[in-house]
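Form predicted on its own, single chain, as structure tokens, below.
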Amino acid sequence: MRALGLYIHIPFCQSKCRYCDFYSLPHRQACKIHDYVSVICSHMEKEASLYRDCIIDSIFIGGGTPSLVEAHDFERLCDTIRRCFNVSCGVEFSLEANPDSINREKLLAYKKCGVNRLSIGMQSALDSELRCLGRIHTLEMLEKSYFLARECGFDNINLDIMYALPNQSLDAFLKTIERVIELNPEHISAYCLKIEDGTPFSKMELDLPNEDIQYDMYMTLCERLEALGYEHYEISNFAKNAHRCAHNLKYWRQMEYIGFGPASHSFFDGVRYYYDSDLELYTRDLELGAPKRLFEDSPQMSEDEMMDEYVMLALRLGDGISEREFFNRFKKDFKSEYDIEKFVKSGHMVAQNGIYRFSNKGFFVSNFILENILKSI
């Protein structure tokens, strides 16, 4: 059967972090989330027939803060997923969670419903940095929720961390790296802080680490984690013992996935579409029939655009680009189409056995390199 990823967006947060530009709404009362789960279930029920010939091999519930959903509503959501779709017995089922909203009852409900991968927002090991970011948890709360998840049987946990924070030094970031290593999660996601338009941080004067310090932070992170057996399989992601995130790999490998909820994205039958970041509009349109799909691409991508998208996504991964696979896809020679030899000579790219990939220092400046080699930018 045709493999498909499933994403569900939970657009509620206890409070908005100062750096976040994802679509989320303030969480004021439980009934809002209860009603929202009903809306998502209704949407899945209406569209289930479109995917009867597909098998769901990855599920990702993100947000927002999905761990705000109460146990009984989460069970209702998962019951609907399994009733509407063919879910693989080996499905990777990921759930994003924040330390301040995790408890034993919820964790046991997640296990009962088949969740087998938790992604917990740590961000920093320093409480002062957490306060700066607008996070409402402390390191103590993070550790308590992490160990509680272990007690409840979760053996695949990702911890999200950030670097290049306001006033952050390399020594300060090292403290976060060392604490993460001590916790020993199966997966680590490490993101460089980006100041996005419309966020509280975009309206503040911030003292951010310069590019040299950011480079030292990133290279130190890569060296420490790789030395401990973490596979650096994507620019910002590290996995131990083959615990790559299968769902996120679908995005980077141009595989198919469907999304439910406002601001969710889908790629199905060669078409990319998404729903507006507006819960009221999403709910109203569903009552009238179906939420309006907004389309990301022009009706027909050019060959250069298709090649560029493939190159851009494939180079995010440590696996890189295979000359043979590129030729099989596009009937063209990769090296003739893309001027990459200068980046191989500079050490920003590695060429080996017909595979081209970024080195760690290449990952750090990947946006610059891609701007130089892509055809349609």
Partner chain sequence: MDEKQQNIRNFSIIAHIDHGKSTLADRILEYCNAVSKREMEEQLLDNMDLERERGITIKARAVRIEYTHTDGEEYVLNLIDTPGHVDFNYEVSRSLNACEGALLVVDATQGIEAQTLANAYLAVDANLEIVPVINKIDLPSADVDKVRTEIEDVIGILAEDCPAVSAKAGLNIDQVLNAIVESIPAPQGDPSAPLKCLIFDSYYNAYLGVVVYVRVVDGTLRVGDKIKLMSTDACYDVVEIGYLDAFGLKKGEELRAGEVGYITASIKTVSETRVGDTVTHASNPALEPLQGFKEALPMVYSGIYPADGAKYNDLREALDRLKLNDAALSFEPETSIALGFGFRCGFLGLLHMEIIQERLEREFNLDIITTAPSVIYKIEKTDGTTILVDNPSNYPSPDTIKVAYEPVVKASIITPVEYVGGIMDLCQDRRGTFKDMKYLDAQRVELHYSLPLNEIVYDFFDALKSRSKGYASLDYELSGYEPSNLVKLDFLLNGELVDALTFIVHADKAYARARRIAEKLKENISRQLFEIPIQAAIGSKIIARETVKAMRKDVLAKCYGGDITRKKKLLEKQKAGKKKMRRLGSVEVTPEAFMAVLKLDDDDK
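What you see is a predicted model; the values in this text were computed from it and never measured. Positions refer to the first chain, counted from 1.
One more form of this protein, predicted in complex with its partner chain, exists but is not displayed; see below.
A.B. asks: Consider Val39 of the chain shown here, and say whether it contacts its partner chain in the predicted complex, taking contact as heavy atoms within 4.5 Å.
C.D. replies: The answer is no: Val39 has no heavy atom within 4.5 Å of its partner chain.
A.B. asks: Taking any heavy atom pair closer than or equal to 4.5 Å as contact, tell me whether Ser366 reaches its partner chain in the predicted complex.
C.D. replies: Contact check for Ser366: yes, within 4.5 Å of its partner chain in the predicted complex.
A.B. asks: If we define contact as a non-hydrogen atom of the residue within 4.5 angstroms of the partner, is Arg272 a contact of its partner chain in the predicted complex?
C.D. replies: Within the cut-off, so yes.
A.B. asks: At 4.5 Å between heavy atoms, is Phe268 in contact with its partner chain in the predicted complex?
C.D. replies: Heavy-atom contact with its partner chain at 4.5 Å: absent for Phe268.
A.B. asks: If you check Glu140, Glu151, Glu296, Asp304 against its partner chain in the predicted complex, which one has a heavy atom within 4.5 Å?
C.D. replies: By the 4.5 Å criterion, the partner-contacting residue is Glu296.
A.B. asks: Name the single residue among Ile120, Ile235, Ala239, Leu130 that comes within 4.5 Å of its partner chain in the predicted complex, judging by heavy atoms.
C.D. replies: The residue from Ile120, Ile235, Ala239, Leu130 that makes the contact is Ile235.
A.B. asks: Taking Glu47, Leu249 and Tyr282 as the candidate spot, are all three within 4.5 angstroms of its partner chain in the predicted complex by heavy atoms?
C.D. replies: No, the whole trio is out of contact, none within 4.5 Å by any heavy atom.
A.B. asks: Within 4.5 Å of its partner chain in the predicted complex, counting heavy atoms only, one of 39-47, 332-340, 58-66, 318-326 shows up; tell me which.
C.D. replies: Selected range: 58-66.
A.B. asks: Give, in sequence order, every residue of 306-338 that has a heavy atom within 4.5 Å of its partner chain in the predicted complex, or say none if there are no such residues.
C.D. replies: Result: Glu309, Met312, Leu313, Arg316.
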